[in-house]
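Shown here is one chain on its own, the form predicted on its own, set out as structure tokens.
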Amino acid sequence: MSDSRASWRAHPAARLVDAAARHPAVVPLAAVAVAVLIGGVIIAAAGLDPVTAYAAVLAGALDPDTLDYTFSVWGFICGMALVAAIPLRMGEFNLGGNGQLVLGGLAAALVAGQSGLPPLVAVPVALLAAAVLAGGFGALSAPLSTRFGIPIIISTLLLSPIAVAVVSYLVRFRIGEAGAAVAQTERFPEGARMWAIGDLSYTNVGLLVVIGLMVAFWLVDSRTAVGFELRVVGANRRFGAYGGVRVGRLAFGAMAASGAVAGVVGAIITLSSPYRLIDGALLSPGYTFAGLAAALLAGGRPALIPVTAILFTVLQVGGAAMERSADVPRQLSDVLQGVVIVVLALRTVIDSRRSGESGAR
């Protein structure tokens, strides 16, 4: 039996299969396939047609009448995927995207609604203020990890609800519009609104800002020493520290950049229609969760984020059409995203156990 296995492993076909199985794209594609199959089983168990449901998802997301909205959602998911991907490159998880997102929206609302800046200055200053506030909040997790031993994944998860609660309080009782039926700020003046692109209703210059941030991260990741250090630490933290990488400083910069991007995304959403900060409006679409799934599916690689974000954009935008056409609840899209994350998380656990076993040997 052992001789037959050895001969099979030496066979060119076996080597080809083994090389294909180790390709970086195998696990993400398998995760998507498993999610689609599970979703199909759920739909079929409900007595509905999975093919009709998935066709409705694609039709709803790619309908020419909704492409404007689809591109807008794609930009927001790409931005939040970038939030997760920056620390992911060094093996850290930022689960505080919601808190950083709403802080960015708060900073933008304060600058746009109360500063009285000239029209050409208000939007850039609002984006900068959002990046500074959210970036500083995100950076708090780095010293908590290096000095007090609190993992970044834990501190970001616990700090995020605090930021969300503070912003909610301010919108409801301090800076909200008096007499409004909904907790929201007053409508921003014309000069403090995100610049439009032609006659598009949803997509604006904010999409170009997000694309610029993705290009900047790709350049840093692939062309600079900082990007190399991020990848080295992500592959082996001890080796990176032994090689002279200052892990604490690198983590501080990564978390600050991650939080800053989340703040910019929050500012873009707030400065877009309906041009006001509404309590809970930044969190209800689920951009943070979808962005995290897209970043995990891309393995943190900046070049793949725009591609993986397409999948979750289609699920999110097409979910409403699926509910209308195929009578399938749009929450199924959340289930599919969760399955993708679970499959990728299992892969991470398996890899870590294998590396631990090989190290023990």
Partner chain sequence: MHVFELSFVAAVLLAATPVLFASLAGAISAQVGVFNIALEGQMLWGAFAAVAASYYTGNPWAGVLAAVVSTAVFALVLAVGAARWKADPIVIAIGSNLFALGITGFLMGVLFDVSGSFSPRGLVGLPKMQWLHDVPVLGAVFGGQTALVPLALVLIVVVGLWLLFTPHGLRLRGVGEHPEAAASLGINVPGYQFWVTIAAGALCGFAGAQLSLGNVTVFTENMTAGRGWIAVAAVMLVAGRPLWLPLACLGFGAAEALGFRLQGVGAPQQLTDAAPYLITILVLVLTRIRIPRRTKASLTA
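Positions refer to the first chain, counted from 1. Between two forms, the rigid core is the largest collection of C-alphas that superpose within 1.5 Å. This is a predicted model, so every value here is computed, not measured.
Although it is not shown, the form predicted together with the partner chain is what the next lines describe.
Colleague: In the predicted complex, do 59, 62 and 274 all reach within 4.5 Å of the partner chain through at least one heavy atom apiece?
Modeller: No, none of the three is in contact.
Colleague: Does residue 195 reach the partner chain in the predicted complex, with heavy atoms at most 4.5 Å apart?
Modeller: Output for residue 195 is no: heavy atoms all beyond 4.5 Å of the partner chain.
Colleague: In the predicted complex, is there a heavy atom of the partner chain that lies within 4.5 Å of any heavy atom of residue 90, even though the partner is absent here?
Modeller: Contact with the partner chain, no.
Colleague: Going by a heavy atom distance of 4.5 Å, is residue 335 a contact of the partner chain in the predicted complex?
Modeller: Close contact exists here: in the predicted complex, residue 335 approaches the partner chain to within 4.5 Å, heavy atoms only.
Colleague: So in the predicted complex, does any heavy atom of residue 149 sit within 4.5 Å of the partner chain?
Modeller: Residue 149 belongs to the contact set for the partner chain.
Colleague: From the list 200, 144, 205, 283, which entry has a heavy atom within 4.5 Å of the partner chain in the predicted complex?
Modeller: Looking at 200, 144, 205, 283 one by one, just 144 meets the 4.5 Å heavy-atom criterion.
Colleague: Quick one: of 139, 123, 133, 95, which gets a non-hydrogen atom within 4.5 angstroms of the partner chain in the predicted complex?
Modeller: So the residue touching the partner chain in the predicted complex, by this definition, is 95.
Colleague: The partner chain isn't shown here, but in the predicted complex, which of 78-86, 252-260, 169-177, 205-213 has heavy atoms within 4.5 Å of it?
Modeller: Among the listed stretches, the partner-contacting one is 169-177.
Colleague: How about residue 68 - superposed on the rigid core, does its CA move between this form and the one not shown by 2 Å or more?
Modeller: It does not, since the residue 68 C-alpha is displaced less than 2 Å between this form and the one not shown after the core fit.
Colleague: Quick check on residue 48: with the core superposed, does its CA move 2 angstroms or more between this form and the one not shown?
Modeller: The answer is yes; the displacement is at least 2 Å.
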